[in-house]
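Have a look below at one chain only, the form predicted alone, in structure tokens format.
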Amino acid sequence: MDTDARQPIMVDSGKRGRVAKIPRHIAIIMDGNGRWARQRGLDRAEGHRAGVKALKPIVKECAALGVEVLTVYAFSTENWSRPQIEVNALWNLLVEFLRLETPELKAERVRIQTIGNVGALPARAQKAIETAKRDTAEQTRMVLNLALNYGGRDELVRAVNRWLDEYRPVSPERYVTASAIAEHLDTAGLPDPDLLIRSSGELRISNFLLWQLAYAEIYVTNTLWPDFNPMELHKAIRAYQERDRRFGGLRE
């Protein structure tokens, strides 16, 4: 890959010498595995396998670029409605990915975390997650945040219930605040996403990080996830760097 393709453009905003930065937190909706498989006459499981394969170079590239957190939408609360054979294949792929890739992620100093109701996953998946988290717990270069059995609405309900469990016995009259909710989300302690990438061209956020995406820049590509590569990642980052982020305010 040539130098220009590997290095995202650092855009000078022209205002007091400000220069656009690499996003601290990138969130990705990895969409299009099924369509990718259908276009090739393959079953959906092969599309998901290709999608898992596509994730590895994206994780490595994000770490190399200095991204602090990469959150990927791996399995939503709504995905349980898919055929059982497909759901089982997804859990098998997760276990395989964690078993094979955790040593290399550890070597790259990537810490594995999860968001979502992981306690409802099959026992083998829970065990693989626990092992991967334990083995990478001390790594500080980047967080790979896997959204598993995750839904934005479900997360908000669980956050409020955690807050109620913590504070209602102490002070029944206390009101919930935005900061209190943020402190009880699955992503507590992590910066909100700066950039949301969605592959496959769909124009929706699909119940993903509803609270955290409040001011994220959104980049949609028609590329199906198994074909998404580091060059596509750089296109998304370049687009992000060219935007003027005002967070509801104005720039002089």
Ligand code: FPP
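As the structure is a prediction and not an experimental result, all values here were calculated from the model. A residue's number is simply how far along the shown sequence it sits, counting from 1.
Here the subject shifts to the form predicted together with this ligand, a form of this protein not shown in this document.
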item	value
27, 63 and 70 all contacting this ligand in the predicted complex, non-hydrogen atom within 4.5 Å	no
Answer option from 166, 104, 135, 86, heavy atom within 4.5 Å of this ligand in the predicted complex	86
Contact test in the predicted complex: residue 216 vs this ligand, heavy atoms, 4.5 Å	no
Touches this ligand in the predicted complex: residue 82 (any heavy atom, 4.5 Å)	yes
Contact flag, residue 193 vs this ligand in the predicted complex, heavy atom cut 4.5 Å	no
Heavy atom of residue 52 within 4.5 Å of this ligand in the predicted complex	yes
Contact segment among 175 to 183, 86 to 94, 105 to 113, 122 to 130, judged by heavy atoms lying within 4.5 Å of this ligand in the predicted complex	86 to 94
Interface residues of 206 to 230 toward this ligand, as seen in the predicted complex [heavy atoms, 4.5 Å]	225
